[in-house]
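As a starting point, one isolated chain is supplied in structure tokens, in the form predicted alone.
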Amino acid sequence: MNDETQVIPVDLDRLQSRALLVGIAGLAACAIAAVSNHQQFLRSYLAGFLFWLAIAVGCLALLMLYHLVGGSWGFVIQRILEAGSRTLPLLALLLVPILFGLRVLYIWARPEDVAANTILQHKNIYLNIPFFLARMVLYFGLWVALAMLYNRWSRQHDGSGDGSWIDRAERLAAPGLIIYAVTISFAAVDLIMSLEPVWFSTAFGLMVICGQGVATFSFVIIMLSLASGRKPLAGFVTEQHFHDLGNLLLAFVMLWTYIAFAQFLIIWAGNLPDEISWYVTRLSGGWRIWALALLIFHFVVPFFLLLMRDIKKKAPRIVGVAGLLLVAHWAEMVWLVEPSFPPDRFHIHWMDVAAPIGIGGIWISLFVSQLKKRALLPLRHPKLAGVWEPAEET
């Protein structure tokens, strides 16, 4: 990789320790503030949790997609995706504060509100605390199980070079992606849509999936650039790899925009009170400006930038676009969560920033520790001939 393509690599050890310190400080500040403003803490924490869950589960989904379709784009980020998928147990642990705050966050979890609302009484068969907890256990159980299988098979292939382990990964990819699509769609309904349980959209789960694709590709592009100076990535990653990842990022940006606009258009044209109220709140006052910013920075600006080959081929440039999209994805999570709560006017609290930073610091620290445990490219692969020898791994 030439100097124009490569971003100056960072010290992963320093990144890990600093991320941990920032994460602890961010969560500590939020925990102190939660004493006097518990509801705001839970709202901010939920938005931050959803942001990092999207990347962790997205890593698992892209890992399975790579094993299904192949391609050099997935080969260079396989270790990043595997390390990201191994953080899912941490996300399961980080879900606990939300579970303890169900009655604060969700109207359907408060018996007195359910008793006063006929619609909630009809939905109580699905939206009740025991069933909600059971579904969370199911979702995370399936995600963690899939991640464990893929990481185990990858490790066994590294050790033996036996291609049968890769064959197993490829056979599981299609059913694994179906499991992912179904579970993440239901999880989106449970964690986000049920904040306003009267509202519903059949396209919501697919919009969340596309958003996860945008966030995950943005994250792995940044991490690939940061790790590109370490062996065996050094000298192996080329402009074409970044170009391919940029094209895939562009595809998911377009998919997210199409699904989000189609959902809005259908609901707005239908003009039904139970459906349109969700958008009325999010397109009123300051939230209208927030939504316009989402349109500009989650679609318009990255769309035109990612059409340019020079942007996609130069790591510093595409990293800038990826960073912009990560910020836009955080803004989307805030836009989905915060307007569900009173007051109706636009409001952004400092914990909306501190909570994702706190969760992210802990998550990134674990991610980097997992990334350092194994070689940055799959061992015993023909593409590594003359570049990296398995015996050199420490």
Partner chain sequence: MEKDPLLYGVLAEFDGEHELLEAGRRAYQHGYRHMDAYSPMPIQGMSAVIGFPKTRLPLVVLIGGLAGCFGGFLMQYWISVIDYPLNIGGRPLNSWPAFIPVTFEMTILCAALAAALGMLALNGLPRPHHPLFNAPSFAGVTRNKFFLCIEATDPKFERDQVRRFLLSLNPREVTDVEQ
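Because the structure is a prediction, the values reported are computed rather than measured. Residue numbers count along the first chain shown, from 1.
One more form of this protein, predicted in complex with the partner chain, exists but is not displayed; see below.
J.: Taking the partner as it appears in the model of the complex, which of 263-271, 218-226, 156-164, 188-196 has residues with heavy atoms within 4.5 Å of the partner chain?
T.: The contacting stretch here is 263-271.
J.: Within a 4.5 Å heavy atom cut-off, is D310 in contact with the partner chain in the model of the complex?
T.: Judged by the heavy-atom cut-off of 4.5 Å, D310 is in contact with the partner chain in the model of the complex.
J.: Taking heavy atoms and a 4.5 Å cut-off, does F131 contact the partner chain in the model of the complex?
T.: Looking in the model of the complex, residue contacts with the partner chain do not include F131, since no heavy atom lies within 4.5 Å.
J.: Classify Y258 as contacting or not contacting the partner chain in the model of the complex by the rule of any non-hydrogen atom within 4.5 angstroms, answering yes or no.
T.: Contact check for Y258: yes, within 4.5 Å of the partner chain in the model of the complex.
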